[in-house]
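Starting off, we have a lone chain in the form predicted on its own, written out as structure tokens.
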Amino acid sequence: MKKEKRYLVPGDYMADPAVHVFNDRLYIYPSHDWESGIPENDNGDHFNMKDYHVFSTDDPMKGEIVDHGLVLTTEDIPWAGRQLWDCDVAEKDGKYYMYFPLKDQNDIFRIGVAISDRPEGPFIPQPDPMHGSYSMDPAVLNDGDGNYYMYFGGLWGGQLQRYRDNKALENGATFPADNEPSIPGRVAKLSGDMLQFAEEPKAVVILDENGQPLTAGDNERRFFEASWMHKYNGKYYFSYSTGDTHRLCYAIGDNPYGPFTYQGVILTPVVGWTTHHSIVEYRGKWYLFHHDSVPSGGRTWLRSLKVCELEYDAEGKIITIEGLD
């Protein structure tokens, strides 16, 4: 389906939008792309991201997009190495918790937490990363019952292939054979203070139509990065990017842990190497926030935020949106 789309921040390069409704207003938490001068590679070294801005609006398709300014930089974070990639924010008891992936001084991704009294920040980072955290792309679900769940993980530059059973592999990264189950994303309930995992992270298993885990060779459907979770009609919709096949896909489950059964494509490929998204309901409408690289002339490391409406059919399936219209 072709949908009207809007670029949200035409004056700057922002990507990986996490979007939530706080105080009856949409808040957008993107990563911030800068020119790096580094040749493009599979580890993502060309992504020069070093700070965050927060944006908000009361009408994503036509309203003013307010830039609340700089809210966190790598220089603010005691354990920082480089590459402050995509983040997410959750609210609990009037506090706002920003979860961010950042390479430490050994060039290993960890997930940190920064706290604010306001959704627009600024955010004050904790002195250390979350214990036992690894990889990137954190996304947090407030399940509405007092429990919060973090979904995370990404392959290649996201380093997820370096871990099994939440431990780093002694021999470095390994990938399964094409006919073996694909590397899954991870999910963990957060502790009551929102600062740590309350449990060991678990695999987010995506099943095919026959109830079998998607295989590593199923490149059109298997997980690569960019986890997001939302609920619709009592079901849990786990959405994600297929990475090198440039699709946003989704799977549905009955609880936050899954398993989730593959359903289809949310967004077909856009201009740019991959895409990253969030899905949110606001004032009775559903929206898909994502990015592409059209304004930068296709430079995959300089991306721009977009939004369009998202719709479901009568059976609760998401109607596929064309990425290139």
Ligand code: FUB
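Position 1 is the first residue in the sequence shown; the rest follow in order. Given the structure is predicted, the values throughout are model-derived calculations rather than measurements.
Same protein, other form: the form predicted together with this ligand, not shown, and the subject of what follows.
What stretch, of 229-237, 188-196, 159-167, 130-138, brings heavy atoms to within 4.5 Å of this ligand in the model of the complex?
That would be stretch 130-138.
Mark H290 yes when one of its heavy atoms lies within 4.5 Å of a heavy atom of this ligand in the model of the complex, and no otherwise.
No, H290 is distant from the partner.
If you check in the model of the complex, is D86 within 4.5 Å of this ligand, heavy atoms only?
Close contact exists here: in the model of the complex, D86 approaches this ligand to within 4.5 Å, heavy atoms only.
Counting only non-hydrogen atoms and a 4.5 angstroms cut-off, does S56 reach this ligand in the model of the complex?
Contact check for S56: no, nothing within 4.5 Å of this ligand in the model of the complex.
Is there a non-hydrogen atom of Y27 within 4.5 angstroms of a non-hydrogen atom of this ligand in the model of the complex?
Y27 lies outside the contact set for this ligand.
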